[in-house]
Each structure stands twice: as C-alpha cells, then as structure tokens.
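Here we start with a single chain on its own, the form predicted alone, put down as structure tokens.
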Amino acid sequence: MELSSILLKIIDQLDGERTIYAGYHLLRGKRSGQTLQDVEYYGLKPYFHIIPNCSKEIYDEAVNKLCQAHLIYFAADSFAHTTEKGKMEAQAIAEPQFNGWNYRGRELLFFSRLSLIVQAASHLKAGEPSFMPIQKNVEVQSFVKEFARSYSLKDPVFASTLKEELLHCMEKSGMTEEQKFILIHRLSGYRLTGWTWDQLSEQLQYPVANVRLLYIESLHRILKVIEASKDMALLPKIAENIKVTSYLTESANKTKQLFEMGLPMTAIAGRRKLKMSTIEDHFVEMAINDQKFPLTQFVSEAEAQAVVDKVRQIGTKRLRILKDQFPALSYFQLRLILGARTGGERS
C-alpha cells in the first residue's frame, strides 16, 4: 500500500474538479468547508484524516511519482486529472479498507488503550506490578485504570480471552500477514518493547509512510469487526467511544443549536459574531451530515431536483458551471443542494 496509489484513487474520484492539494487537505483531515464538502460530494469519506501528519514533502513526492508515471496531469485551470492510463490503474487498485470519516485518528486512541492494557497484563502476570507505562497520555492511563477496576488484568483467563479476541479480529478482518506483523510488533509486554517505525520499515523493506498506512488500515479493519461483534467481552469495551458520534465541527454544532431554537441565519451570525460566509459553511455542513436537514426552507423541491438532474446530465459538481445553469440560485443554495442531495453514501 502506497500513498501514491491512494492519491491516484482520490484524484480519479475528484474527476478533474479540484486542485492537487485537495487530496492533501483530505488526507490530513482539514475541517474547512471546502474539504468537508469534497468528502461528501465525491464519496471520499474513507480517506478523511488517515494521515494527519502528512508533510508537504512526502505528499509532493507521491504527486511527482504519479506525474512521472503519466498517471495524472494538470489542465490550464491547475486542476488535477487522471490520464486514461491513470484511470485504468486507479480502477485496478483494490479498495483500501479505511474508515477515516468515522474514526478521524481515534483508531490510534484505541490502540493506545489496547497496548497499555497488554503491557499491564503481561507485567502483572509476571509478578511485576511496577513498570514504566508505554503510553504517557493521561486520558489513556485513566481509561486503563478504570478498565482495571472491572477486569482482573493479572488473571490468566483475562490474558487468554484478550488474545483470543484479538486473533479472531485479525483473522476475520481480512488483514494481510504484513499487517498482522506490524500490529503485533507494535505491542509491548514484559521484557518486550514494541518495534519502532524504522525497525518495521527495515524488516518489511517498505518506506515508513507505507508501513503507517498499513497500520492505520489494519486498525480500521479490526474496529469494523469489533463493531459488528455481539459475543466479545473485552475489545468492544476497549473500543468504546472511538467512533465519532457527531460529524459536525464544534462551531457548526453551535450554529445548529441556535437554528433549532428558531433563529434566522442573520441573527445567528450576529449572536456568534461570525461572518455570514462562515454561517453558510455551517449550514452546508448541516446539509451534508443531517438527513433531516430542512432543505426546502432554502430552495423549492423543484429547484433541488433540477440541480440534481443537471449534475447527472453534465457530470460535474463545479459551482461555477452550475451557477451558469441556474443564475437565479445563489452559490449558497447550490452548495446546500449538492450537500443534501448529491453526496456520497452517508455512514
């Protein structure tokens, strides 16, 4: 699994309607109005926030690799397009099993909890109750302390049950042998230290960036199995509250609360001391993420359907083009329609 392959699939789905750095903001999980709209409009939820620390240098390397292989090109408007060769290669790439939209980096919190529990259980089993915790995060340590009040970590049955559940998830998830290797070797235990990314990279002969991608996907795969399970006792508890419960930004959620109180947009902007453009972004977020959003308070059903039909007819969601087709509708109204009616699958 390579960043360039994931980027190729993203560019292919954006279909020449965004600049090359739209993918960069998506992978890093930027919560701007534009990126959040792109996630929904173009069905890119799996890739959101899967590489929050991706540097421009690493990203540009992946872009250059695609250019040199003649898989993408840039048009006069600076938008990124896939070549015919690129389209064929993008379709041939197996769909990665990411779920970035639902986890947004919190899969790392899950593994932090798991790794500290494994470390604690192994030391207690060995009769060594004192050890230097591998996880320094106070939130993680507090979670594990609370967890230990409900489960006896030194009980051999606990260790065997946790091991069985983890192995079950790894097998059922369909992850590769390489991913199993990465996951197991990231764990620490009694007199055993988890491998560094450099050690894993050297062992597998993959760049560190690729190893990290394999790792993130493996966690998403495991969490999917845990969520669907009804007969595991430990891992569902460790995975509690990992999946996000609200897809709105904190600021958009405050705007939503005022809207539900009956305040018009202008009053909301005044009360919150925000620009109207920012409030509009919040309403677009609401349209994207709330299936019950009252779209017909802003446009008629006939107008919404006309825009949806036109998008299907001309094969584009570019606002400038749609504005030419519907001069009576504002950009804000068009964005609401696109968000509420033409995005990818909600999950």
Partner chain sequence: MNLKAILQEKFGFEQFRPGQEAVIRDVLDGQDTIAILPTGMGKSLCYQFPAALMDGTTLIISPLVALMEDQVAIMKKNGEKRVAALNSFLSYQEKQQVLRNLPAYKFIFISPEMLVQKKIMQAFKRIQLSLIVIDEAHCISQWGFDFRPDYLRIGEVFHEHERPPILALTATANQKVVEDIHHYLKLSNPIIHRQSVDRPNISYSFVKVDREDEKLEWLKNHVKRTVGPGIIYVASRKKADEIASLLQMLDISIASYHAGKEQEDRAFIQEQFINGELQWICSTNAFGMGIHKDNIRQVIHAHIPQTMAGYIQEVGRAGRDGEQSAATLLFTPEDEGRTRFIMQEDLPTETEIRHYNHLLAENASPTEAAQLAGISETSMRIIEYYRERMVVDAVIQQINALIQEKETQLQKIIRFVHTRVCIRKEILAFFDERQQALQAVCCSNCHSLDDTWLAKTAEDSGKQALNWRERLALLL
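Positions refer to the first chain, counted from 1. Only a predicted model underlies this, so the values are computations on that prediction, with no experimental measurement involved.
Heads up, the form predicted in complex with its partner chain isn't pictured, but that's what we're talking about next.
In short, of 97-105, 202-210, 273-281, 84-92 it is 202-210 that has heavy atoms within 4.5 Å of its partner chain in the predicted complex. Site annotation in the predicted complex: the residue of K154, K237, K180, K243 reaching within 4.5 Å of its partner chain with a heavy atom is K180. For the residues K254, K224, K172, R186, the 4.5 Å heavy atom test against its partner chain in the predicted complex is passed only by R186. By the criterion of a heavy atom within 4.5 Å, D77 is excluded from the residues contacting its partner chain in the predicted complex. In the predicted complex, its partner chain lies farther than 4.5 Å from every heavy atom of S150. Although the partner is absent from this view, M132 contacts its partner chain in the predicted complex, with a non-hydrogen atom inside 4.5 angstroms. Contact check for V138: a non-hydrogen atom falls within 4.5 Å of its partner chain in the predicted complex. Contact with its partner chain in the predicted complex, defined as a heavy atom within 4.5 Å, is made by all three of S122, K125 and K163.
Scanning 185-202 for heavy atoms within 4.5 Å of its partner chain in the predicted complex gives H185, R186, L187, S188, G189, R191, L192, T193, G194, W195, T196, W197, D198, Q199, E202 in sequence order.
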